[in-house]
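Given as structure tokens, the chain that follows is alone and in the form predicted on its own.
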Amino acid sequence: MGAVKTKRMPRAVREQQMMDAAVRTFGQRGYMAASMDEIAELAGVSKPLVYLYLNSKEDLFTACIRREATALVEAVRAGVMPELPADRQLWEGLRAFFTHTAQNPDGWAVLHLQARTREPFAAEVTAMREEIVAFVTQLIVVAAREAHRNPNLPEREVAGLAEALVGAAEALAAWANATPGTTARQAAATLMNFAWAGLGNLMDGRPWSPPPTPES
């Protein structure tokens, strides 16, 4: 097999081309099974060039995680318009999340399936997740404070709800990407129907309470 011939192009463009190939390969093959040879071939460059630009397989995977995490967070933030009512803000945020994960299934696989359980990469995904949870917490807490007319309502009152909502969104995105015919809008509507009934009651001051513990 002859050497791969490459056209001259700006370094930044070539690097993104390599990362696109890497995300696709890591997302579909997994970190351990993916090889630098495959990534180089898919990118249309030589393997030494991949090493020259991106150092090592570990460094390349870390760069992919950071790029995909940044893109996901930016998509969610861009989808939310603060002037909308609380339910519409949550709806638009969820729709942006599921649209991004549906349009970038390999990137989502890198974040959700490949990196989160593998050290030293898990810390990168944890940082992204914490940022999204903090963002969702603020969405909910602002709405709750307005609904209760209590500007001092502590974040801890809704932090667990935000954590649960993000966890449900992650699981549902993985399911939606693996289920043919499921659209981002359908996935977002499913989670809204699941979550907003409880959140709406909370906003109205009608949270669900567990039954009293029987006296012994």
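Heads up: residue numbers just count along the shown sequence, starting at 1. From a predicted model like this one, the values you see are computed outputs, not experimental measurements.
The form predicted together with the DNA is left out here; the points below concern that form.
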Heavy atom within 4.5 Å of the DNA in the model of the complex: which of 154, 48, 167, 160 fits that? Just give me the one.
-> 48
Is the DNA in the model of the complex near all of 73, 77 and 120, within 4.5 Å of a heavy atom of each?
-> no
Answer with yes or no whether residue 185 is in contact with the DNA in the model of the complex, where contact means some heavy atom within 4.5 Å.
-> no
Decide whether residue 179 counts as a contact residue for the DNA in the model of the complex under a heavy atom distance cut-off of 4.5 Å.
-> no
Should residue 14 be counted as a contact of the DNA in the model of the complex, where contact means heavy atoms within 4.5 Å?
-> yes
May I ask you to check whether residue 34 falls inside a 4.5 Å heavy atom distance of the DNA in the model of the complex?
-> yes
Which of 63 to 71, 169 to 177, 40 to 48, 185 to 193 sits within 4.5 Å of the DNA in the model of the complex, heavy atom basis = 40 to 48
Can you tell me which bits of 101 to 140 touch the DNA in the model of the complex, meaning any heavy atom within 4.5 Å?
-> none
